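We begin with a single chain expressed as structure tokens, specifically the form predicted alone.
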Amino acid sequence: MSVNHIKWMNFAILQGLRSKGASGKNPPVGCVIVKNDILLSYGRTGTSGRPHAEEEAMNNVVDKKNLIGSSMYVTLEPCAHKNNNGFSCAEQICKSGIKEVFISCIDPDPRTNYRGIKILRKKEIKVQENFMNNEASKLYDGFFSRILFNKPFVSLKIACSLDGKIALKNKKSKWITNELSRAYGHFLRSQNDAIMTSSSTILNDNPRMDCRLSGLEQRSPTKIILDRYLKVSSNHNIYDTTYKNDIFLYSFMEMKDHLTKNKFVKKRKVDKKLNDEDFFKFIFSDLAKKGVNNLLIETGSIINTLLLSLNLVDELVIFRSGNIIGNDGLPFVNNLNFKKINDLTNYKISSIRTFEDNVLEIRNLTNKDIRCSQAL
């Protein structure tokens, strides 16, 4: 019988996508179990990272005898470190009777890196690694960035006019993009662990920075606030705690007596002497230690310019409307002061889609392409 391996791995990738943004510091993994080209079970990483996708898929098979001789398709190498039950996913697969495992991406976490595969092969389970790894790689941009580079994968979201302006001269910006674009922007929030903004954006727009799509409200990301001089008061929407998520506040100022009634605010003082690059690297490193894999940034041109000038943005997410504002509008980026064309930062297109007359461009920094086949 001919087995459609691509079909089943695509199914596993879709399961992984369903858990992206909700798996905590753990990577979003999808898993499918098939026997004689018939679906037995599937699973994905649970909320906050447990159970693992392989565990869920195997547990969902009522008669465990059906696992004997079956095939597993999993988007990330099964873990080699033990869980609360005392077994790693790789060990549990070995005990199950599964005969072969197709793996998209190698796990760079030193606790597992190729160790999971070695455990499987030691028990004579057939393993095909890097199967459809290009298709699965987008699941792990954030996880790999945190493990390999000690920083989240940084996506900068921009909503602008056709000529790249984010607001009129009077700073009015509602609504540059259409309703479909804004809805998809909320979906992107649900797929990121955290969302960052600045005091200037809060004071100008008073955003909530949550996900307001029906059914995904609980997937609202952790809020990260850059309020270096404590200009934002507790009555701004950003400090709404409806979904009881932590809010991380970074400031140069002493914060002992600031927002004392909001128990969800976690304060972190930053050394005022740090230059711009070290300031952001400190914050990104701190967020990585907190388990943030994917960070979405929604802010104004000042922070945009700083991040882009420092090459700290891994991905541009640009929602572009069909409106033209003109040269008196506010641009999404200010002067970068490049002197040579060869010095310009390049972001290659990874995807384009339309929302009626709006266009969404997703572009990735060319020299920071994180491939999921990388291993430590």
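Please read all numbers here as calculations on a predicted model, not as lab measurements. Sequential numbering from 1, following the sequence displayed.
Although it is not shown, the form predicted together with a small molecule is what the next lines describe.
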* To do: Flag this candidate site as yes only if Asn26, Arg44 and Asp107 all have a heavy atom within 4.5 Å of the small molecule in the predicted complex; otherwise mark no.
  => no
* Asked: Only one of 264-272, 204-212, 123-131, 94-102 gets a heavy atom within 4.5 Å of the small molecule in the predicted complex; which is it?
  -> 204-212
* Though only this chain appears here, would Asn178 touch the small molecule in the predicted complex if you measure heavy atom gaps against 4.5 Å? -> no
* Find out whether any non-hydrogen atom of Leu226 is located within 4.5 angstroms of the small molecule in the predicted complex, and reply yes or no. => yes
* Decide whether Ser198 counts as a contact residue for the small molecule in the predicted complex under a heavy atom distance cut-off of 4.5 Å. => yes
* To do: Give a yes/no on whether Ile302 approaches the small molecule to within 4.5 Å in the predicted complex, heavy atoms considered.
  => yes
* Asked: Out of Ala288, Ala80, Ala136, Ala159, which one falls within 4.5 Å of the small molecule in the predicted complex, going by heavy atoms?
  -> Ala159
* Structure fact -> None of Val292, Ile117, Ile166, Leu249 but one has a heavy atom within 4.5 Å of the small molecule in the predicted complex; the exception is Ile166
